[in-house]
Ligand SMILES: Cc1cc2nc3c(=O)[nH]c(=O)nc-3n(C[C@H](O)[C@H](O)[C@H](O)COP(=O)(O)OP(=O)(O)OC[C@H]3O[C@@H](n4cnc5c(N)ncnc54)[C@H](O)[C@@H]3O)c2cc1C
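Consider the single chain below, provided in structure tokens and representing the form predicted on its own.
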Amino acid sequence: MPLNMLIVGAGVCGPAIAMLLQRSNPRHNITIVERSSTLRSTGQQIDLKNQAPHILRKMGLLDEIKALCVNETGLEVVDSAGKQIAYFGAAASGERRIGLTSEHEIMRGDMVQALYDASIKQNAELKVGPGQEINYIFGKTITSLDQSAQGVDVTFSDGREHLYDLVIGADGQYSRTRRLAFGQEISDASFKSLGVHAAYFSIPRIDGEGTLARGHLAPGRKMIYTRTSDRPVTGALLFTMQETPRLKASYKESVENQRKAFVEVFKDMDWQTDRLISGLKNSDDFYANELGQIKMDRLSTGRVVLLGDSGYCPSPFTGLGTNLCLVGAYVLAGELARQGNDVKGALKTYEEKMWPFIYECQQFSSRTMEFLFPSSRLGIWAMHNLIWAMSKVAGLFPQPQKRDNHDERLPEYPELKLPI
């Protein structure tokens, strides 16, 4: 039987699971609601590794996505004068290596746009008729969820109400769906801070930046990255474990106040200071947040289920958020296709199959972060020597190319009727 489903969030997860669900049963009615008025095209580079490339290949999208990937050739760690301390090359998508760069790196906005366009194209090909399609609603969000034996009665921000067989929360780390379905207390408790505050923005590219990412450790537990790849602008990422009351409070204030709080913390950094402070003050894509992981005891309640960062964000430092999102979309769609009308049974099996992937990707803690963020110049000197040694060992004893077997861990779902 076809299901009437609501997906909250049109980032990576939303369009991906919509496509998987529609392909398994074109009679499904799938609505995706996005609080932004348009697709959000901003965001930094994201990695496509582990199972992610295999799922995109199964969906027939890997070549198209790969064509949009940026050309980042590796990471160099530099001192305050810009002198190279160490170099790490790009890691193959099926491997874990020290560094920042994976084989497949893509700008978040390009990934979201590609999935959205693919979902629109597929909908035109598979659409059965009105009420049996993928439908996007922009500029609205949900304000309440009321569950009953008939389904989930959803109230939208415009006052409209609608009954759904299933609600999928794919609305990120600060998920409104999670808060409405599980309650404010459980939602707040699920956020496990890593003690790191981050700011992301773009700055004009300068001559000589090339295709390498650059990383720098600054005194006072600060870490700075620039990522240019082959783009006309440079992405800047500032991280700090130097928490101030003003910085913590700024997330509930205006973007301008957030900028000022980060300027206060980073004004004494010792690398590209003027350039980065100017970007902090003037960029039009500034975004800041506190890094953490989302750890839930369960991923569903009744007929509401969490997908991706809303249920199991691993933090950007792992580089595995997109992978978990796509694995979750694949498994959830697969179980719903396999178990038909037994929605609750499908949600139960989805959770059981996702926990091993979640545990593996969330092996990261605040203690790890404290090690990565030295506070003094002496600590930075020691870290530089360690990084240098690790790069030399990696260069002298390169890891043999291992066969990528991440796809073998994915369940097989012929019910999804994927092209590959």
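Since this is a predicted model, take the numbers as computed values, not measurements. In case it trips you up, residue 1 is the first one in the sequence shown, and so on.
What comes next is about the form predicted in complex with this ligand, which does not appear here.
Among heavy atoms of Glu34, some come within 4.5 Å of this ligand in the predicted bound form. At the 4.5 Å threshold, heavy atoms of Thr322 reach this ligand in the predicted bound form.
By the criterion of a heavy atom within 4.5 Å, Ala10 is counted among the residues contacting this ligand in the predicted bound form. Taking the partner from the other structure, this ligand in the predicted bound form has no heavy atom within 4.5 Å of any heavy atom of Tyr251. No residue in the set Thr73, Gly82 and Leu217 has a non-hydrogen atom no more than 4.5 Å from this ligand in the predicted bound form. Exactly one of the stretches 41-49, 351-359, 377-385, 58-66 approaches this ligand in the predicted bound form with heavy atoms within 4.5 Å, and it is 41-49. Checked against this ligand in the predicted bound form, the residues Lys260, Lys140, Arg246, Lys192 give one hit for a heavy atom within 4.5 Å, which is Lys140. Contacts with this ligand in the predicted bound form, taken as any heavy atom within 4.5 Å, map within 297-325 to Leu307, Gly308, Asp309, Pro316, Gly321, Thr322, Cys325.
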